[in-house]
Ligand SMILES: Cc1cc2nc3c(=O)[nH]c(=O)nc-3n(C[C@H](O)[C@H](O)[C@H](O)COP(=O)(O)OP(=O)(O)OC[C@H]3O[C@@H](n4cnc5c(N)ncnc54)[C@H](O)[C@@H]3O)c2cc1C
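There is one chain below, alone, in structure tokens, taken in the form predicted alone.
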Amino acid sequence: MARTVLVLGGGIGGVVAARELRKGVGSSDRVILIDRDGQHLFPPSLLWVMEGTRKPDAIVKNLERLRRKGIEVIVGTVTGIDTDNRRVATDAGELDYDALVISLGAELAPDLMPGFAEAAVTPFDLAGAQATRDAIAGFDADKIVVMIASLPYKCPAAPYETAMFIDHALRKREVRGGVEIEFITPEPQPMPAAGPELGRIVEMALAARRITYRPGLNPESIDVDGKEVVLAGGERVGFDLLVGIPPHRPPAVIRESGLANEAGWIPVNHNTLTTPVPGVFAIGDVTAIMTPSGMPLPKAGVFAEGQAKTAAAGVAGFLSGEAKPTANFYGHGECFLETGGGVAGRATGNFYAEPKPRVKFNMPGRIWHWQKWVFEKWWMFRWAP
């Protein structure tokens, strides 16, 4: 008898999970991917859209193309997850499932910070990356503030890359000299989950570009008229241009699903990606994973990809009657750190290592930028053809 596997979300984790499931389950089984927009966006290239070296349509693919791989695609918003009755509700109808992979990601929520939507541009979505590009290209004032509004947020390197891209863009226009760039974040250091050594390297890279780095600060609101970031404690930081990473939140349907923790994210087994409900797996940014070293696993596409492969194998095992999942995700990942001007570094390591993550950093050079370029082309060909 044919079984049905639903994959919720068409981002990095969802697309990989659907493709792997199609290979791993029976030919008569249905693999159905449900996505709100019906579009697959490759987030690592948003920075290149902001830089102006990548056109938006080059990093977006229509998910309908997956039908050629035997994957059914439904464009619709997930409105309910009923794990008791194994049913998912969408604005396009209801679907029963035998196994479920949840990959709905983290939502950008600028409304959670007063004044953010009115005052800031953000490179974290396609429209925002283009708006940030235009704002930087036309900037002729004195001060730019790059701000991480709150934790957690996805793509942990991206805010730091953004600041260095801004520096490079202003130098290219020969207007950097009189411009102050200030970086504000609640984090104690850059990318803390990767360890203190990498954090120090990023801090030095910012300092070398005259970017004032201010960790441990908690923005509370934006004074739109006064053009000031209001910090906890009352300090105000003025700006002429605010480039912000908005607050993130889990989707409402996840918060209401019965699967979420108090913060609204889905806790899963850090190796198998299983939830307490048999046959239900969660991957990517929607999850809450505490690593063995006591640090939360960053919300990053590279982890979503690896988790998707593990979850797909877990679903196949579950459908075949496997008592316990045998596939495991071991916390390995890599991340490029773009510094502008066609130069990038690369961090690789094991984020599940104890007592702390073991991360190696390859210092910036053109080879790593070129490798990221190749990876982008490979990704769009391999996973979203």
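Small disclaimer: the values here were computed from a predicted structure and weren't measured. Position 1 is the first residue in the sequence shown; the rest follow in order.
Below, we turn to the form predicted together with the ligand, even though it does not appear here.
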Q: Select, from the options 321-329, 353-361, 44-52, 22-30, the stretch whose residues sit within 4.5 angstroms of the ligand in the model of the complex by heavy atom distance.
A: 44-52
Q | Of P190, G128, G105, P219, the one that lies within 4.5 Å of the ligand in the model of the complex (heavy atoms) | A | G105
Q. Which one, C155, V280, I289, L242, lies within 4.5 Å of the ligand in the model of the complex by heavy atoms?
A. C155
Q.
For the three residues A163, F183 and R346, which mark the spot I'm curious about, does each lie within 4.5 Å of the ligand in the model of the complex through at least one heavy atom?
A. no
Q) Does at least one non-hydrogen atom of G301 fall within 4.5 angstroms of the ligand in the model of the complex? A) yes
Q) Counting only non-hydrogen atoms and a 4.5 angstroms cut-off, does V78 reach the ligand in the model of the complex? A) yes
Q. Is the gap between G314 and the ligand in the model of the complex 4.5 Å or less for some heavy atom pair?
A. no
(Q) If we define contact as a non-hydrogen atom of the residue within 4.5 angstroms of the partner, is F116 a contact of the ligand in the model of the complex? (A) no
Q: Scan 9-40 and note down the residues that get a heavy atom within 4.5 Å of the ligand in the model of the complex; none is a fine answer too.
A: G9, G10, G11, I12, G13, G14, I34, D35, R36, D37, Q39
